[in-house]
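Shown here is one chain on its own, the form predicted on its own, set out as structure tokens.
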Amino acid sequence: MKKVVNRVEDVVDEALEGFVAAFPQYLRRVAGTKVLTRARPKAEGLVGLVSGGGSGHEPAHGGYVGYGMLDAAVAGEVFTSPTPDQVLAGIRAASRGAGVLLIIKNYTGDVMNFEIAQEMAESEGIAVQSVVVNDDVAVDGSLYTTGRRGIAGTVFVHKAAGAAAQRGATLDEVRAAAEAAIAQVRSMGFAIAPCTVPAAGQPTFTLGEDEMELGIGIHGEPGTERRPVAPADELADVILGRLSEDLGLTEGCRLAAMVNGMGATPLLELAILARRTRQWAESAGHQLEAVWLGEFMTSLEMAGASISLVRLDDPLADLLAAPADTPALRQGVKHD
């Protein structure tokens, strides 16, 4: 194992310190916790947003803490759910008097621990609601979850709910915005090389020189199908076809897409997938209004990518286009 780390047991703590060192204008760390929160909290009377999960998915989740997105991100150990007390600390940090929405990826540990924290916060008088993201079309039930997994499409949910909260929507309205995004987003990924969890010291699976895994998750797990390595256009077509079928797309849909690197895929190669995504949309008669290209939710140094599609209507398109200013996503007019 070759990793740029010190002691394996210090990886998450030292990384959190590094994020704050690099982005002090955005982030601060809640003392004694693995919680990153806004350096400049939003105004009182606005709904707070909390998300999180195991580390190893950077820039998720701390990279989305800031104006127009999250108020706090809770980090667990690598590929391990954060504990309820850590999530509770995130809820407390995000609370501005109008309630807090939890955005949870559908993994058994995350759902259980976030829900326990929700009950604890409610016992303290904080109004808390939650949504569960399940955008992965590759599997319906796995070692990690009941039902579909939550993967990179979660970032679209962060963006939609964050924009609604920043505008002063109520807790019910922010939850509705998140649920609207969840209903319309689908994702699927592939890997051409695995990752190595620092504590394990060996790859999470093995592949031959000419093999790839289709339908991978974000915790280093293998996919649902092993097949020969395929050209980029063929891969994109297979994934986009699955997403389109699951969304029930008909000709003329308004869409946004995300081409997401898994940690070790050059932007050069991701851009080829983005190119094919636009070609596919045009050939199918869809209106592709935005393509997000880059690393949004990774799996350590896994080589591969995922593609997400979200079907748009006017309200959702408006929320996704709203200003945001975070370490990992910056768009729109600079806020005051």
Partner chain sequence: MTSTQFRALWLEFHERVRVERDQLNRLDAAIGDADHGTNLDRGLQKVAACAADTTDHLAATCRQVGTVLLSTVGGASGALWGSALLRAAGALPDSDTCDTAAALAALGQGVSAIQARGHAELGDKTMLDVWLPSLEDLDRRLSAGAACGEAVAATAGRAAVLAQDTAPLQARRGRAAYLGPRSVGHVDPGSVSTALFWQALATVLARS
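Computed from a predicted model, the values in this text were never measured in an experiment. Numbering follows the first chain given and starts at 1.
The discussion below concerns the form predicted in complex with its partner chain, not included here.
Asker: Look at the candidate spot formed by P84, G109 and R149 and say whether its partner chain comes within 4.5 Å of a heavy atom in all three of them in the model of the complex.
Answerer: Checking in the model of the complex: P84, G109 and R149 are all within 4.5 Å of its partner chain.
Asker: I need the one stretch from 109-117, 166-174, 153-161, 230-238 whose residues put non-hydrogen atoms within 4.5 angstroms of its partner chain in the model of the complex.
Answerer: Heavy-atom contact with the partner occurs in 109-117.
Asker: Just to be sure I understand the contacts: of L255, L249, A98, V139, which is the one whose heavy atoms reach within 4.5 angstroms of its partner chain in the model of the complex?
Answerer: Here the answer is residue option V139.
Asker: Can any non-hydrogen atom of F190 be found within 4.5 angstroms of its partner chain in the model of the complex?
Answerer: Answer no; every heavy atom of F190 is more than 4.5 Å from its partner chain in the model of the complex.
Asker: Classify T80 as contacting or not contacting its partner chain in the model of the complex by the rule of any non-hydrogen atom within 4.5 angstroms, answering yes or no.
Answerer: Because a heavy atom of T80 falls inside 4.5 Å of its partner chain in the model of the complex, the answer is yes.
Asker: In the model of the complex, which residues of 179-196 put a heavy atom within 4.5 Å of its partner chain?
Answerer: If the 4.5 Å heavy-atom criterion is applied to its partner chain in the model of the complex, 179-196 yields nothing.
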